[in-house]
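Single chain ahead, written as structure tokens, the form predicted on its own.
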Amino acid sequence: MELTREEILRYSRHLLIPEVGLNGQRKLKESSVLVIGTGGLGSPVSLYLAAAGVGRIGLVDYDVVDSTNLQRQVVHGTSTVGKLKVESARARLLDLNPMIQVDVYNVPFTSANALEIAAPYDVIVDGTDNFPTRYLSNDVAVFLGKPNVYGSIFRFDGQASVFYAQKGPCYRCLFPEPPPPGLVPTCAEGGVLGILPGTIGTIQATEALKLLLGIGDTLIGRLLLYNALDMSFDFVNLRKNPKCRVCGPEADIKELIDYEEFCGVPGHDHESGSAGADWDISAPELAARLQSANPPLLLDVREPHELQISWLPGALNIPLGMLAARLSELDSAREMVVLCKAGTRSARALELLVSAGFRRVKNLKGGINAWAREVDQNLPVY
């Protein structure tokens, strides 16, 4: 593909770099990248790939823009709250660079459609926030023989690498099995510094451009570890696992599997807020029970600093991570309602309580945020 006069002017700073030049810019124009997720990581990745002139960018997401996204998901804006994320991102990318093609897939990335979606693209960028989709994107990349640019974020810490089975290890070589469900908190539960996905996502975009241009030393065979608090970058050398079930010489996984079943968690980062119909109590129902002669004990399993945002008077605070060691403080004969921010942590706390012999226990469906929406609108939602 030849560059137009307008493109030569637009990409002139690239053309001045010997490692890129006119030929490199042509490569970018001919190239394609699939970005899975248009959230914290997908935002900077897609913005910088579009600005760099990658000719075709695919965006996969099925969520809508929420105001809580805007602290870090910079491809979206206040004007697009409530709109489909892929459409919000597509409009922003084309505004940034109308000379590229942006394809959108407003669907969950699943075993049923992943190979078909990813097949036309040269590079896959994993901007997801959950383990089922990370394993899925890895396996898709292995089966299609494509590089998978990986990124992960939590609070102040980030990771990045390039998993490319033809030239090095894949994600499963590093993590053969997912962590037990509930062991690793999500960003929705534990939070993330807003600038962190910008740092890691920009690194992912850099790796994608290097792969497309064929320049520099990529993160194939290396895991980058970043800490924003002390501004440290560390590297861990990775080796291909000869027993890897997907890319090893005796691999036994030859097709995409049920990744939600494999990981034991849903393939998204949204908080369900429910422990199941038999164990849930709604905010209005709880409000009525608290006015009765024998109100239940409120057990708040959030972190202490969250109580500064919102709290229910009289609630006993035992953070989820400390609950197992403090069960002796609770009366198993008393009716109890467990609550957290949105109902996810409290659902896990309920499982722990039930396994320890507690039976008169309920989960506040939707957490204290549901209480703020349905009972006391003076409380903030966070």
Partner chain sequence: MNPVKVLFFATLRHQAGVRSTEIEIPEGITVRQLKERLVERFPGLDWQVMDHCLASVNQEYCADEDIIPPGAEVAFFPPVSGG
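Positions refer to the first chain, counted from 1. Model, not experiment: these values are computed from the prediction.
From this point on, the text means the form predicted together with the partner chain, which you will not see here.
S.K.: Could you tell me which stretch in 303-311, 210-218, 107-115, 236-244 has residues with non-hydrogen atoms within 4.5 Å of the partner chain in the model of the complex?
M.R.: Of the options given, it is 236-244.
S.K.: Can you check whether Asp139 is within 4.5 Å of the partner chain in the model of the complex, heavy atom basis?
M.R.: It does not: once the partner chain is placed as it appears in the model of the complex, Asp139 has no heavy atom within 4.5 Å of it.
S.K.: At the 4.5 Å heavy atom threshold, is Val35 in contact with the partner chain in the model of the complex?
M.R.: Judged by the heavy-atom cut-off of 4.5 Å, Val35 is well away from the partner chain in the model of the complex.
S.K.: Is Gln159 close enough to touch the partner chain in the model of the complex, meaning at least one heavy atom pair within 4.5 Å?
M.R.: Yes, contact at 4.5 Å.
S.K.: Decide whether Thr80 counts as a contact residue for the partner chain in the model of the complex under a heavy atom distance cut-off of 4.5 Å.
M.R.: It does not: once the partner chain is placed as it appears in the model of the complex, Thr80 has no heavy atom within 4.5 Å of it.
S.K.: Report whether all of Asn130, Phe175 and Pro178 sit within 4.5 Å of the partner chain in the model of the complex, measuring from non-hydrogen atoms.
M.R.: All three within 4.5 Å in the model of the complex.
S.K.: Which residue, Asn227, Ser282, Ser274, Gln101, has a heavy atom that falls within 4.5 Å of the partner chain in the model of the complex?
M.R.: Of the listed residues, the single hit is Asn227.
S.K.: Using a 4.5 Å heavy atom cut-off, which residue among Ala119, Leu96, Val184, Leu290 comes into contact with the partner chain in the model of the complex?
M.R.: Of the listed residues, the single hit is Val184.
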